[in-house]
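Just one chain follows, in the form predicted alone, and it is written as structure tokens.
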Amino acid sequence: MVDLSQNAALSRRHTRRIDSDTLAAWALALPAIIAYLLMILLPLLAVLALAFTDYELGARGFAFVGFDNFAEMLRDRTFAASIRNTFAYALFVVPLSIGIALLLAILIEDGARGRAFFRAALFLPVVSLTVAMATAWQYLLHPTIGPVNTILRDLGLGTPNWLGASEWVLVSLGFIGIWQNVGFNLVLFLAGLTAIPRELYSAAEIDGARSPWARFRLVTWPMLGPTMLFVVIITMTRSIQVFDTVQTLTQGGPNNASEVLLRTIYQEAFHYFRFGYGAAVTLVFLACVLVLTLIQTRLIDRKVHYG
């Protein structure tokens, strides 16, 4: 009987300790849960509800319109232009910014000097103010007094209106986007390269991989798989979310040649105050991001080596 009573007392103390630990865990997680509900889940539910209404900011009431907002998108030339421009921008920026960042990361990692300087210099665009960068690029790409066209003019080449011509504006914004993303991707690739064991390169060299390309193909590329997956997803998401440079430099012009999805959402919701239609465009934007992320994860994850 003594043993049974002692076991029961120990069991009760153990249960109380588990309960107190659980309570402490919930208390620590509660601020994050509240922040998630207020800042992510509830706004997302509000967007989902508004997308099926004709609500306009300041209106006394609104009506449920079903899929009318989505049907309007099919007839909206501005929305069609924003979809087309957003994906064209992403297809231009993503592969180039990833490829350039990977090449620079390998060169910096193999270099004996100046690693810290090059890391800081190439990461500078990531931490710079967008408005300040846009002002600098607006001057650099100015059609008459800009240094870029001045150099082209001295070389006897054409001087395009980089930000004012429909055929050049998206390319110009794309190069600015590459410049912005390379530094961020570079830091991620440098972290991935640092995590690769040096012994693998020695073993590969013993097995016959003596050229830099062979070592990259057999060691670096497979071991960078997890980093590459993360970089691709992050870069694609950042590219689809382009807004600040477009709004600052071109305002979607000329003739909607640089109109992008986030700017369309901004214009509809905060310029024309059509919150219902803006919410519907937001849902399409979120669906695009989700689908692209799932596709990238499925395609790349199969080839990733988790060491």
Partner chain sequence: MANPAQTRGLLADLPRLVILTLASLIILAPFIWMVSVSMKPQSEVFSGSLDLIPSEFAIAENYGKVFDRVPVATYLLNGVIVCFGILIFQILFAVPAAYALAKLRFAGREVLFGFVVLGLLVPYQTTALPLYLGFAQAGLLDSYTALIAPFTCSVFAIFLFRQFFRALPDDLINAARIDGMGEFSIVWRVVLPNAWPAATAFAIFSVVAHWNDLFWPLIVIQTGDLYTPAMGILAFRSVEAGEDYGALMAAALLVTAPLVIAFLFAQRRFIEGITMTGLKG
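In this text, all values refer to a predicted model and were calculated from it rather than measured experimentally. Numbering follows the first chain given and starts at 1. In this text, the rigid core denotes the largest set of C-alpha atoms whose superposition between the two forms falls within 1.5 Å.
Form predicted together with the partner chain: not shown, discussed below.
Answer for V65 alone: is it within 4.5 Å of the partner chain in the predicted complex, judged on heavy atom distances?
-> Looking in the predicted complex, residue contacts with the partner chain do not include V65, since no heavy atom lies within 4.5 Å.
Using heavy atoms and a 4.5 Å limit, would one call Y55 a contact residue for the partner chain in the predicted complex?
-> Close contact exists here: in the predicted complex, Y55 approaches the partner chain to within 4.5 Å, heavy atoms only.
Non-hydrogen atom contact D207 with the partner chain in the predicted complex at 4.5 angstroms | Judged by the heavy-atom cut-off of 4.5 Å, D207 is well away from the partner chain in the predicted complex.
Contact test in the predicted complex: F70 vs the partner chain, heavy atoms, 4.5 Å = Answer no; every heavy atom of F70 is more than 4.5 Å from the partner chain in the predicted complex.
Pull the contact list for 174-196: residues with a heavy atom within 4.5 Å of the partner chain in the predicted complex, in sequence order.
-> The stretch 174-196, when checked against the partner chain in the predicted complex, contributes F175, W179, F184, V187, L188, A191 at the 4.5 Å heavy-atom cut-off.
After superposition on the rigid core, does the Cα atom of Y36 shift by at least 2 Å between this form and the one not shown?
-> Yes, Y36 moves 2 Å or more.
Indicate whether A287 shows a C-alpha shift of 2 Å or more between this form and the one not shown, with the rigid core used for the fit.
-> No, the C-alpha position differs by under 2 Å between this form and the one not shown.
Spell out whether the Cα of A27 moves at least 2 Å between this form and the one not shown when the two forms are superposed on their rigid core.
-> After core superposition, the displacement of the A27 C-alpha between this form and the one not shown reaches the 2 Å mark, so yes.
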